[in-house]
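Below, in structure tokens: the form predicted alone, a single chain.
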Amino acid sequence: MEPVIQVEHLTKQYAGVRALDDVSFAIEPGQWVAIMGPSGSGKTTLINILGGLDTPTGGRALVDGVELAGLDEEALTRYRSEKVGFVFQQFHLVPYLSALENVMLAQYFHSMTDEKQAAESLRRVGLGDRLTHLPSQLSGGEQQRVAIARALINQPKILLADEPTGNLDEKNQQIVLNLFHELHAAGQTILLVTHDPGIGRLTDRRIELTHGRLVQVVPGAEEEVRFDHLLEEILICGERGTEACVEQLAGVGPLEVNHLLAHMSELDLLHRTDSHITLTDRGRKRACDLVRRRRLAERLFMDTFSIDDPEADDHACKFEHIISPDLDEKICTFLGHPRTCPHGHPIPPGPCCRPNGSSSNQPLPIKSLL
């Protein structure tokens, strides 16, 4: 799956100050990505370049395969009307136009107007009964929803939102965030600038900037779980003596596997050559920790609590993501540092295990777990 946004060594300089400094990343279609960082970190500059409102000093930005720096003013105007939708902290509604007319204004710049389509766009954001209201007759949250309806009216490839909840109270903020959730679920690609870590955690990924430089790309919670699943599968392939190939990775589709593997490679969790995959030291440690927690949990549920498969396996799958390192060591010590799970698979040793890998057959009292 080709990225819908590809940023390569992007730089923007103003009078000797670098607002962006060698920034590179890729965004897949349908992702919801938060652009985060303190004031002056380059978040808005990045959004403006991707929206065709500003031009880079160096590097390049490609959207839907088109390099923006190569577009003349006429082509940029067409790009802004066809490829991107803008949502800003300030709603930028025309005060003497109704909600319906504000949405139709975006259609006008697309060389067409369709009142029924504009009304449907407003109904989509829950404003079907506010079509004729002026901005002054709408709450802040309603005005922002008009702005979102306007941004979506031309079915843009990407939605660029710069602090869209910054001027909203908590109730209206939640309404707007719920709307972004619905858009994301429908497959809309969204880049959202925010300084709020809570909002950032709702997204698929977080791109964090400081002083114009990319600090890190952080996966979202759902993506982290998928990473863990794939790391376990790769490690288990190695245990079986088989080479880890994309075709052997169960549980997700081929397009999703390719996207996840590319991101995991960026995070130094694995190396990939053609369809062959090997874990980095960092990836192997994370995979071993996951497998260790799961297999310890299997032995705890089956041996100590007499829970049989498949219920024990189901509990173990949940436990591998919530067992803390401290509890991991307590469980291992309580069980007497077992070498294998109930199915005979090896349990990777942890810091609490003896250096020579031997295990004791004398489990500790169960109160030691508490």
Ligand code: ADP
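Residue indices: 1-based, along the sequence shown. The shown structure was predicted, so the numbers you read here are calculated from the model rather than taken from an experiment.
This next part talks about the form predicted together with this ligand, which is not shown.
Listed residues G59, G40, P29, P342 were compared with this ligand in the predicted complex; G40 is the one with a heavy atom within 4.5 Å.
Although the partner is absent from the chain shown here, Y14, V17 and T45 each have a heavy atom within 4.5 Å of this ligand in the predicted complex. Shown alone, this chain has one stretch from 31-39, 305-313, 61-69, 324-332 that lies within 4.5 Å of this ligand in the predicted complex by heavy atoms: 31-39.
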